[in-house]
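The chain below stands alone and is given in structure tokens; this is the form predicted alone.
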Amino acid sequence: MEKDLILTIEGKAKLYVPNPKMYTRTNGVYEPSWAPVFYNPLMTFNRDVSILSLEAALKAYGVRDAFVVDALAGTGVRAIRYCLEVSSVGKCIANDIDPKAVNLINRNVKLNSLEARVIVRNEDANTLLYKLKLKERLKITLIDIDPYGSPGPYVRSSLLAIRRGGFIGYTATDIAPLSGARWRAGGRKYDVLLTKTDTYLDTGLRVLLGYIARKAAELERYITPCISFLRGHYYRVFIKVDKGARKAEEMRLKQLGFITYCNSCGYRATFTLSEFPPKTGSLRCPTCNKQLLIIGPIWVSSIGQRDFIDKMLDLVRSRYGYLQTSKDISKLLSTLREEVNAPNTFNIVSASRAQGVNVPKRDSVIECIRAIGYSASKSHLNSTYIRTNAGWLDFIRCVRSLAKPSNVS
């Protein structure tokens, strides 16, 4: 074996991958972008969740003999694992534009005895997807888009290429532009009005879903997010795609929208496209009268489906306990199932600071919100975030009552 490759095992796949010792920074940290073929072992969690997502999707919708396309395959790990580990997958395409990657994919396919099931292609990802749709007319069940950076350049082609009722998984590592931390870059790349808020990690996830939804609507398609999450340096969303102009318009008007945000006191309110601008016609903060900032258009609806996440939980506990990250996945899914349907995200720490009160315990605020008739849960995004269907004023009332109970009416 060449000195620049090592043999590793991920899931049920055996893989030749670049030797991390040859591509390390001065501090000893492996830098996957320096290797001739990209492979990041830190993304094993992402790939494990992707295996579970597809298995849950195929079982939920009774799909057999699924056809999967890994458009940016690198070492071929995703395509190989889909074929080895998802029960109803028939064939996969593992594509990469780099001939070095294609050579390594071929070796890995042979290593796993999948020559009859994994088709290796050497094309630009967008060219491949348009060709599969318009020339080869393949019925693709899943397209996996896992780029180094933004998935934006591949959104339209993947939405066009996927079959009716098919699925697409997108990874985005450009968290700073998406979240508003680099709002100018985010505005250009995703065509949104952005500012950094105290719940910017939630904003980034909704900007990504909103961008995908708007591109889908252009093609008279509409999306259903099955699971969406943040993990370390990336977002991952797994969506179902259906077709129909009427449903696409309904999605556009009722599931896309804007957030108005006050960077002085923290007030925010969410409006769908059909509700915006507010009937009052005012963009002044109702609590401090400062000018409100506008964020959007973004996804303002559910970021996942509880039934789908429950199926994934059942699978990881029953059939996929062998996954390297199974315990971490179970923890994430248990949190996600509680928060997916809450449209609002608030930050306890920044809200308390703006109100001039001590920070109450997160669990106490959650209990208070539930006691007045709303749903509330912690968020996987940040330990200071709360997900709820309560509005800002009710949330603040709970924060203030717990910090200074004698002063709250």
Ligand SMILES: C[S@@+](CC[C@H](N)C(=O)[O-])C[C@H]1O[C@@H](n2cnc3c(N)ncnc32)[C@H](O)[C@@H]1O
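Computed from a prediction, not measured in an experiment: that's the story for all the values here. Each residue number is its position in the shown sequence, starting from 1.
Omitted here: the form predicted together with the ligand. The next part is about that form.
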{"query": "Exercise: Pro147 in contact with the ligand in the model of the complex, heavy atom 4.5 Å", "finding": "yes"}
{"query": "Contact of Leu142 with the ligand in the model of the complex (heavy atom, 4.5 Å)", "finding": "no"}
{"query": "Contact flag, Phe308 vs the ligand in the model of the complex, heavy atom cut 4.5 Å", "finding": "no"}
{"query": "Contact label in the model of the complex: Ile223 to the ligand, heavy atom within 4.5 Å", "finding": "no"}
{"query": "Sole residue of Asp314, Glu115, Glu249, Asp98 within 4.5 Å of the ligand in the model of the complex, by heavy atom", "finding": "Asp98"}
{"query": "In the model of the complex, the residue from Val120, Cys265, Ala269, Leu72 that sits within 4.5 Å of the ligand by heavy atoms", "finding": "Leu72"}
{"query": "Location of the ligand contact in the model of the complex, chosen stretch of 132 to 140, 148 to 156, 84 to 92, 227 to 235 [non-hydrogen atom, 4.5 Å]", "finding": "148 to 156"}
{"query": "Residues Arg47, Val77 and Asp124 all lining the ligand in the model of the complex, heavy atom within 4.5 Å", "finding": "yes"}
